[in-house]
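What follows is a single chain, given as structure tokens, in the form predicted on its own.
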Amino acid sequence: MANSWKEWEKPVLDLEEGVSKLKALADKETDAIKREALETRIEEFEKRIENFLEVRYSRLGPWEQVLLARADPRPYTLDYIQTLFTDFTELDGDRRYGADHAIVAGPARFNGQSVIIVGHQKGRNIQERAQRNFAMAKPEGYRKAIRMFEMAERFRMPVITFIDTPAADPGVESESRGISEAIAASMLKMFELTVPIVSVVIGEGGSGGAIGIAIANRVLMQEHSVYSVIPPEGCAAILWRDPAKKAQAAAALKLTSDSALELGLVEQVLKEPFGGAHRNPAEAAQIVRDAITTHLTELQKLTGEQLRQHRYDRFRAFGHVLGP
């Protein structure tokens, strides 16, 4: 069982590295016959990659979905902001303690309309991950989000949030500064808003760290993202005292996008490009754009009170089971 995305996809990564080297040789080759031979080998390798991906992605289990949701090159919130929005102005600080870079937020324009964006942000390298705290927000991150939600209400701007965090920060300092209260206050503020809210799970939707900015009228999930009350490793450690049983925990948690849709936790699963969003970020972004546009258009037909009541009814229905 693979423990990381790189380990799980290593055969493909090795093939892709080989293709890159062959292409570099082909570009430098001056002999037409040798160049043609190299191009033939490149085509063979590319077919092998495509076939390998087709087989692997047709057999994905819950743990493999977790690995894909955590894939290093997967598009993050700032990637979608750069692609989907214009005039984004990042605002920082909670006006009480300090800045939290695990959550990025600010006003922007989406299809020409003013909106508020709030989203978790992971880092691409060890320095960025340390700065972003691996997208695990502290109390001031959620209090910053509250500032943004209040701004959205004041200026009648729809809210779009991007979910991608393993969990909220579990450290002693966050506990001492009221992380639970901050998450609860953020959730309450979202319930009170009379503007449309659309949330998109783009990677990991973990625990209260996710739900703290996901009290939306419509929650969407990318195909290879996950949504769970706890990361599989934590679940395995609690239930079986053995983190190695994380694959078993992932299956029990029903954290895949298909399970979330079946359980009524999300409204739509967004199909990803072949091989995952990280293999074609532009296509993935277009799919996200189309979905947000559709849902925002529908929600903007409702009054403020209808939006608030819809949000309340949506969450009250969770866990309701029909039967004798």
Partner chain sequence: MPLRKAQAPNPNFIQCKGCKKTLFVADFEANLRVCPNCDHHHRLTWQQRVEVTFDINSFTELDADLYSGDPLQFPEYEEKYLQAQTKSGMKDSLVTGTGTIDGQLISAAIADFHFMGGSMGSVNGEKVARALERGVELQCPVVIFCASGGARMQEGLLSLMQMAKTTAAVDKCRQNGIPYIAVFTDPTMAGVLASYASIADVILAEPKALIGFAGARVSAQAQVLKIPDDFQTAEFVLRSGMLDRIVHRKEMKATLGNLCSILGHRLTAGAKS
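Remember, predicted model here, so these are calculated numbers, not experimental data. Residue numbers count along the first chain shown, from 1.
Although not depicted, the form predicted together with its partner chain is the subject of the following passage.
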Although its partner chain is absent from this view, report whether Ser228 comes within 4.5 Å of it in the model of the complex, heavy atoms only. yes
Taking the shortest heavy atom distance, is Gln309 within 4.5 Å of its partner chain in the model of the complex? yes
At the 4.5 Å heavy atom threshold, is Ala260 in contact with its partner chain in the model of the complex? yes
Although the partner isn't part of this model, could you tell me whether Ala244 comes within 4.5 Å of its partner chain in the model of the complex, counting any heavy atom of the residue? no
Each of Leu13, Leu78 and Val104 near its partner chain in the model of the complex, meaning some heavy atom within 4.5 Å? no
In sequence order, the residues of 159-187 that place a heavy atom within 4.5 Å of its partner chain in the model of the complex are Ala168, Asp169, Pro170, Gly171, Val172, Glu173, Glu175, Ser176, Arg177, Gly178, Ile179, Ser180, Glu181, Ile183, Ala184, Ala185, Met187
